[in-house]
Ligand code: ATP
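Here we start with a single chain on its own, the form predicted on its own, put down as structure tokens.
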Amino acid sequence: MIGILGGTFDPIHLGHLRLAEEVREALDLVQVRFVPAYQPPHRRAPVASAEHRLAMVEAALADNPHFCVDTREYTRGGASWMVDTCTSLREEFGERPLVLMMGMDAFNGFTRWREWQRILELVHLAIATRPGARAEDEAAELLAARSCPTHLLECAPVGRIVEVPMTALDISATHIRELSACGRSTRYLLPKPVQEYLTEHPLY
């Protein structure tokens, strides 16, 4: 199975990497593809340009053989709709199981994503859960209908949802940008190569 982790990555931080690593290990994924959004449609424009965000992701993943950068949203340009990305990935990987990763906050908004039902016809979902985080409203109903034990995920081609408990790391890109803007340390929040990149390119 192949994992997919999309995001703005403005900047990519240790929380993103730890989520991907714990889900990869729990589901025995052969690879996790990080997909930087060119233009996220559901939030304000990123602070850093697409070029800088892509470069930071490349730097962050360089030492992990299980992680790779997927540039299809960057190459496509325009609004980065996940349904388009999953369609493209499915065309590339055929019947190979694909697992779209996200945190519980993102999952709680999933039924407001563009063509979310279509996404579930293309991939499985893996929800990284932290203590106290719960599915709400329509997301809770969707989880109840499609939930599956992790060891059974490969028994269906698409459409199942698994929950993967993960280490609670309270790290956010917003907080990192705020610290940077105030000249405060972001050490131990960012991978060292990203910290070095931001020293050379003071984006925030």
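Residue indices: 1-based, along the sequence shown. Computed from a predicted structure; not experimentally measured.
There is another form of this protein, the form predicted in complex with adenosine-5'-triphosphate (ATP), and it is not shown here; the text below is about that form.
A.B. asks: Can you tell me which of 116-124, 82-90, 97-105, 68-76 lies within 4.5 Å of adenosine-5'-triphosphate (ATP) in the predicted complex, counting heavy atoms only?
C.D. replies: The contacting stretch here is 97-105.
A.B. asks: Counting only non-hydrogen atoms and a 4.5 angstroms cut-off, does residue 193 reach adenosine-5'-triphosphate (ATP) in the predicted complex?
C.D. replies: Residue-level check for residue 193: no, no contact with adenosine-5'-triphosphate (ATP).
A.B. asks: Test of understanding: in the predicted complex, would residue 173 fall inside 4.5 Å of adenosine-5'-triphosphate (ATP) by heavy atoms?
C.D. replies: Yes, residue 173 is a contact residue.
A.B. asks: Can you work out whether residue 42 and adenosine-5'-triphosphate (ATP) are in contact in the predicted complex, taking contact to mean some heavy atom pair no more than 4.5 Å apart?
C.D. replies: No, residue 42 stays farther than 4.5 Å from adenosine-5'-triphosphate (ATP) in the predicted complex.
A.B. asks: Although adenosine-5'-triphosphate (ATP) is absent from this view, report whether residue 148 comes within 4.5 Å of it in the predicted complex, heavy atoms only.
C.D. replies: No, residue 148 stays farther than 4.5 Å from adenosine-5'-triphosphate (ATP) in the predicted complex.
A.B. asks: Which residues in 3-28 have a heavy atom within 4.5 Å of adenosine-5'-triphosphate (ATP) in the predicted complex?
C.D. replies: 5, 6, 7, 8, 9, 13, 15, 16, 19, in sequence order.
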